[in-house]
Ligand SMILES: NC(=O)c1ccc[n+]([C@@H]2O[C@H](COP(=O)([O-])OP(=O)(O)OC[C@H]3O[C@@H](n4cnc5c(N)ncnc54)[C@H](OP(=O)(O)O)[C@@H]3O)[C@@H](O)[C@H]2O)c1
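Below, in structure tokens: the form predicted on its own, a single chain.
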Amino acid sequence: MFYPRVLVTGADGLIGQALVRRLADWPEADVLATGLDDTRRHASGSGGYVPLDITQTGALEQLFVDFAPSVVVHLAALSKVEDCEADKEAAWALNVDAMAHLARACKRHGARLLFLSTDFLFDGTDGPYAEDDRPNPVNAYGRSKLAAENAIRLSGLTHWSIVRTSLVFGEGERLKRRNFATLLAALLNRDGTFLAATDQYRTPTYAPDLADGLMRIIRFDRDGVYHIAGRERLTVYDFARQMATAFGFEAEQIEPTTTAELHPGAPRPLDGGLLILRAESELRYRPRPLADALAHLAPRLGVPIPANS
């Protein structure tokens, strides 16, 4: 039986925390979480933690020597679309150059690489998308992720996996960045409103479900590209209304707008989302229904749960 030594970059983010918690259910796995902070932001999960700036190649190389990972799950990225558009050089340095260095380190040390990518690789003209559909990103974030995927393919690595996902939501401990759910809950808790696009289709993904899919790739020793997301495809506006209702707010607090009005400086693909048949058939990946995910999330965000739920 293969019991891996799993190195996780970006472990203090939403997805990283969810993955470390999920890996705690696999006691034979030796997990080392890394992030930019001197100490870890989350107390849950198992394994050790060391600070790591993924752009520092010397520190990265030393970590490979010290920990000798058999699997590297690369989650660290500049993922805010507006930030990538405003500073394309910074986005390229973190999302592409650091990824290329990491892939070469994995090749030198014989480690498997699992890289997290995005549905923003596609142009949103004919979604939802399967793994073999042609990428055509419309913003700097998507272009950087596509370049990172290509860097993996060109690295000479024998064993690698790419996971594309869509609109990940959930909760974590002391997260630096709000996600769709935490931002919506914060605004509506203040008796405010929340603007959501009626013209953008996604397949919202609950972070614990994504973490389960990532762990399945590690456990099943799978190579190649997988789409791991939610099963339900809907507009961001409809998703926000469902979320508001599940959290005990009024659906009318969600105000309709367009993607162009909401994000004038950074275009998004509109007819998007991902098809997950491959993950369902090969990994036995089973994302929970959206209503169940929202019901599971609500008490963890400290928001009221409707009496009729």
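A residue's number is simply how far along the shown sequence it sits, counting from 1. Everything numeric in this text was worked out from a predicted model, so none of it was measured.
Below: the form predicted together with this ligand, not depicted.
- For this ligand in the model of the complex, the listed stretch (215-223, 151-159, 130-138, 73-81) containing residues with heavy atoms inside 4.5 Å is 73-81.
- Within 4.5 Å of some heavy atom of this ligand in the model of the complex lies at least one heavy atom of residue 176.
- The closest non-hydrogen atom of residue 54 lies within 4.5 Å of this ligand in the model of the complex.
- At the 4.5 Å threshold, heavy atoms of residue 36 reach this ligand in the model of the complex.
- This ligand is not drawn, but in the model of the complex it has no heavy atom within 4.5 Å of residue 227.
- Proximity to this ligand in the model of the complex, taken as a non-hydrogen atom within 4.5 angstroms, holds for one residue of 105, 167, 234, 146, which is 167.
- When you look in the model of the complex, the only residue of 278, 241, 268, 41 with a non-hydrogen atom within 4.5 Å of this ligand is 41.
- In the model of the complex, 10, 12, 13, 14, 15, 16 are the residues of 3-25 with at least one heavy atom within 4.5 Å of this ligand, listed from first to last.
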